[in-house]
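Only one chain is included here, represented as structure tokens and corresponding to the form predicted on its own.
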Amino acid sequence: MSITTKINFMLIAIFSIALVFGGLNSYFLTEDNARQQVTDQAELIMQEALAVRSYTVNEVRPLLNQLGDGKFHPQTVPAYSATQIANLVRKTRPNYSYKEAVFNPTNPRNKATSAEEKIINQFIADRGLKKLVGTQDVNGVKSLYISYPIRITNPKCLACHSTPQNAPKAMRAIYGDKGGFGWKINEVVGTQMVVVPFTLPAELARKTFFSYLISLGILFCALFLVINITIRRMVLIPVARITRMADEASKGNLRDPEIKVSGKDEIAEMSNAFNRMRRSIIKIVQLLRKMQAQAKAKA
């Protein structure tokens, strides 16, 4: 087996080991980074929803209440406004969904699922819990979620959610008097959730991972080529030349010129040593030929 083949096998073995460990580490890092990126984007949508709720309470509701038309305007409800805005956002970010899930909602579309009820119960059990980030199955798809508690802190909310009798007639005419009542101040009644299918961060991780593998493969091929060319020019060709000249010298052919030496590396030292040995052999051969000539002359 040639030196080149041995070196190539060694390089391939080193690259394979580096690829396995580096690939696994890269995959976990890219998956974490992708998950963090998606989480940050989901957090941004959540903050937008919170801002819309605050804007609705402080800006929209007072203006619509001044109309005095006796009608109930859903636009005055923070949950309604936040959900509508989130639905508009979904047109450009279809993978993201926002929901205000409630045990006992006024609007049936806000009814909490069994998985969402478990999250709400966690907020109820731990009053100091401000946010939950986790995964759950949504229609058989693993999804990442960010969840905030919906806690009744504004007494004005009880005007619509304490008892049916106290709620506006116009609201009951739209939603009925069965849901959204019996709420109490400082009570956790639901959760705001932004949900993203886990396939999104997984897809981002895979794309980044494969890009890394392709880049690493190209880098290895380039290094492989450079190393082989360097070894061939700096080691194999000079060694082959020395080998050929040594073989010729063993056959008595000493007419070839000496090896030209440049540099001060090990190959250069070996070439100089070979040239010295070759000069010594030439002198010995010349001396033997002279002695043979003298012996013939005496005979």
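These figures come from a predicted structure and were not determined experimentally. Start at 1 and count along the sequence shown; that's the residue number.
The form predicted together with heme C exists for this protein as well; it is not shown, and the discussion that follows is about that form.
*Just one stretch in 220 to 228, 204 to 212, 138 to 146, 79 to 87 has heavy atoms within 4.5 Å of heme C in the model of the complex, so which one is it?*
Among the candidates, contact is made by 79 to 87.
*Does heme C get within 4.5 angstroms of any non-hydrogen atom of residue 156 in the model of the complex?*
Yes.
*Using a 4.5 Å heavy atom cut-off, state whether residue 162 contacts heme C in the model of the complex.*
Result no; residue 162 lies far from heme C in the model of the complex.
*Would residue 197 show up as a contact with heme C in the model of the complex if we use heavy atoms at 4.5 Å?*
Because no heavy atom of residue 197 falls inside 4.5 Å of heme C in the model of the complex, the answer is no.
*Give a yes/no on whether residue 193 approaches heme C to within 4.5 Å in the model of the complex, heavy atoms considered.*
Looking in the model of the complex, residue contacts with heme C do not include residue 193, since no heavy atom lies within 4.5 Å.
*Quick one: of 178, 93, 109, 131, which gets a non-hydrogen atom within 4.5 angstroms of heme C in the model of the complex?*
When heme C is considered in the model of the complex, the option within 4.5 Å is 109.
*Which residues in 232 to 247 have a heavy atom within 4.5 Å of heme C in the model of the complex?*
The stretch 232 to 247, when checked against heme C in the model of the complex, contributes no residue at the 4.5 Å heavy-atom cut-off.
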